[in-house]
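The chain below stands alone and is given as structure tokens, in the form predicted on its own.
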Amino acid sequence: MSETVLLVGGGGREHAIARALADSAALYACAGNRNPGIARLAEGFETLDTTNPTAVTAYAREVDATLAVVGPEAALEAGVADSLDDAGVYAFGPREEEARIETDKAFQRRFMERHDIPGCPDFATFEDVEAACEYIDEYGGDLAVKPAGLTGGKGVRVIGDQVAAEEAKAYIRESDYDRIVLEERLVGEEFTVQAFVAGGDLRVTPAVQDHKRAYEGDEGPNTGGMGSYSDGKLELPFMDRADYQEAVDVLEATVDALDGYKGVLYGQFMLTADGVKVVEFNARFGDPEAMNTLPVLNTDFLDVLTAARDGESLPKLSFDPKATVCKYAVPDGYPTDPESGARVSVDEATVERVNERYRSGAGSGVAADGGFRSETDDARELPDGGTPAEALLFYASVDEREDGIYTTTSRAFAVVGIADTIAVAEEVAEDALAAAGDGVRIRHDIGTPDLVQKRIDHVARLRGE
């Protein structure tokens, strides 16, 4: 293998990246925790602080890395991509300044306003707590309260949905956030579109819907994401192609306005009665969304990385026309009081037995193959038939020790079902979740026909249909 790739990060997102690269490159990894799934795919795995640019760059030099993929947002904020680039190791991830499109929500909104990026909601930014509380009192509607910095997807409070106005003000006063962004509450259905970006090129991937709420029925506090699903085409069942294209237009306008951005640009959107609005941008793959998109990517991900490094046009992307459903197993108490350091058992043989059943024809998959292109042309129509369904296991924030696998304070592992339809992919994921032992919790409703139909009906009501 002519390329040696360093993967920075040890979560479920990075396990999906490792799986996409392991057959094409000599893969090395570093993370703060030892992810057993990544460790099996990598030729070397170093435990280190991924927010320490010096430590990451030293390891990249030690393994003679020619490329790097920076997974976590905290590492991007710390300037790890800058350090790797400066050391001659091309990092597929934005430099610290460009990563502010995610790491600084106040900058993000001002950037959108300054460059007239479509889909920007009404917003105001505050450094003074009492001024923010006065704005809540004076605003003529509900608001989303967002800390300006990184919070792992768990810092937002939405007035009129999660909390009342008085609770939101108490949250601001009791927090230690130095800057707060207040923006109009967006009502609709959220979805994500991720894009590969380099040299001004942008290549988009299928839309995914994440599920932030901790408990079934969209109840409870926000989390880093309890699971997600995608369809066997670019859009989701509650969207049409024009909605998807509107989101892509936003991403294109953002890339045009950013100077020298490289890596993944993730747009989290809200499909509202007034069209597509921007909830936020992220500067890296989503977690769990990477586990929906990378397993169905037919294009070699290494080809994307080498084209970006070499200044060539990014390759057109081809995807298997499959639906995916991802469900996370999280520690008891997550996200408010997660049990850390608990030994967990994961029966990987269960996942393999599920796959054997579907490969033998006992499941819902049928034989055939095909793909669609993720570009705006007619080549994306789905072919007839499909390939057998399968389940994939991705380890996330666990720590592998000599005597077993232990939880951290975040999500433990995920199972992804892949099939011709969302309904079958959900069944596959549920079958494979028998691999989960005690001490973890799962949102079983993700991807179910009832919940998907609820999304479709919601958008129909918003549009007066």
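One rule holds for the numbers: they count along the sequence shown, beginning at 1. None of these values were measured; they are calculated from a predicted model.
As for the form predicted in complex with adenosine monophosphate (AMP), it is not shown, yet the points below apply to it.
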Among the candidate stretches 298-306, 239-247, 277-285, 338-346, which one is within 4.5 Å of adenosine monophosphate (AMP) in the predicted complex when only heavy atoms are counted?
277-285
Only one of N222, T125, S318, S175 comes within 4.5 Å of adenosine monophosphate (AMP) in the predicted complex by heavy atoms, so just point that one out.
N222
Between V255, V158, A87, A165, only one gets a heavy atom within 4.5 angstroms of adenosine monophosphate (AMP) in the predicted complex; which residue is that?
V158
Should E190 be counted as a contact of adenosine monophosphate (AMP) in the predicted complex, where contact means heavy atoms within 4.5 Å?
yes
Is A144 close to adenosine monophosphate (AMP) in the predicted complex, meaning a heavy atom pair under 4.5 Å apart or at it?
yes
Would E184 show up as a contact with adenosine monophosphate (AMP) in the predicted complex if we use heavy atoms at 4.5 Å?
yes
Taking adenosine monophosphate (AMP) as it sits in the predicted complex, is I136 near enough to touch it, meaning that at least one heavy atom pair lies within 4.5 angstroms?
no
Which residues within 84-112 place at least one heavy atom within 4.5 Å of adenosine monophosphate (AMP) in the predicted complex?
K105
